[in-house]
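Let's start with one chain on its own, the form predicted on its own, as structure tokens.
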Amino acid sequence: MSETSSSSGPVPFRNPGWAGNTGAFDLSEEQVRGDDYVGVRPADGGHASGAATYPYMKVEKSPEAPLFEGPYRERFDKILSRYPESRAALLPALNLAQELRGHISPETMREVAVLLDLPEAYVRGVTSFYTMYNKRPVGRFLIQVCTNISCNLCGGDEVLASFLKHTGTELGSTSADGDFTVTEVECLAACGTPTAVQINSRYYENVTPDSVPAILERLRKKGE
């Protein structure tokens, strides 16, 4: 039985997060987990029923990009079609804006307010309430380390410290090369496989301080 350590001492059990293939198909862990799930997602959102459902943090951001044009305008219109009033479309509209620009600036808040015919103060209040919206530019890879109770007990603080060390950053700052921003977040809903880390739109489980350099190297090489 493997052990991991935390500030409170050794933890005698570690969930491997993979119980083997129990289905009818001979699939690898990578296939079951969807290791290559990040494919080409249609900028227009595909079918209207799913257009509002996938906030997606891209590696390359375009802070000065128009809001919204071309296929992004198509997705925006599909989002509006799913709600009885424009106010209900605010969160997916902000998700779309962040996907495109990488963060939600005051100017973006004003533009979204105009598009949805909402008071700017209301849009600003909603945006500032949710931590999932970046209010300032972030690196190509936004690294969010869970330090809530399960991850904390299994070394979350040490994982966070390792990411800060190996990216040469302080909490919330961006590395000199513009690649990495490291933040501390609440529960990422992977309590059975701590420590959980979300990087852009992708989850990493069972992360340890020693595994951090390999994750960063993969990001630098493969961009995902």
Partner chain sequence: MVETVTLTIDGLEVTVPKGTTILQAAEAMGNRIPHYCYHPGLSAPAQCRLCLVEVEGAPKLQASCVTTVTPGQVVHTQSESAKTQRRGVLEFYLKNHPLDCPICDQSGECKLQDYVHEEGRPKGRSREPKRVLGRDDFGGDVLFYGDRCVMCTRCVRFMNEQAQDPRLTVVERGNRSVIDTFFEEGVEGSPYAGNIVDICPVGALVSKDFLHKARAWDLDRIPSICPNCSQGCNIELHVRDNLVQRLKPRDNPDVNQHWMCDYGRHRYEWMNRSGRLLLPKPGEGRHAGGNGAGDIALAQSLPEAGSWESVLGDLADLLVDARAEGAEVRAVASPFASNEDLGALRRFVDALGGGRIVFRSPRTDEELPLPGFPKLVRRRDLAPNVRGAELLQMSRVGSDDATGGLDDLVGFEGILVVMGDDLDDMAPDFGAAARVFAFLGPQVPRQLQAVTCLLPTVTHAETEGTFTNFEGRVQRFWPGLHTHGEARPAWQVLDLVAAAVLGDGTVPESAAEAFQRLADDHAVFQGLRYEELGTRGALVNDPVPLPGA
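In this text, all values refer to a predicted model and were calculated from it rather than measured experimentally. Numbering follows the first chain given and starts at 1.
The protein also exists as the form predicted in complex with the partner chain; that form is not presented, and the subsequent description refers to it.
Although the partner is absent here, V114 lies well away from the partner chain in the model of the complex, with no heavy atom inside 4.5 Å. Heavy atoms of M109 reach within 4.5 Å of the partner chain in the model of the complex, making it an interface residue. In the model of the complex, the partner chain sits beyond 4.5 Å of every heavy atom of H103. Taking non-hydrogen atoms only, R140 never approaches the partner chain to within 4.5 angstroms in the model of the complex.
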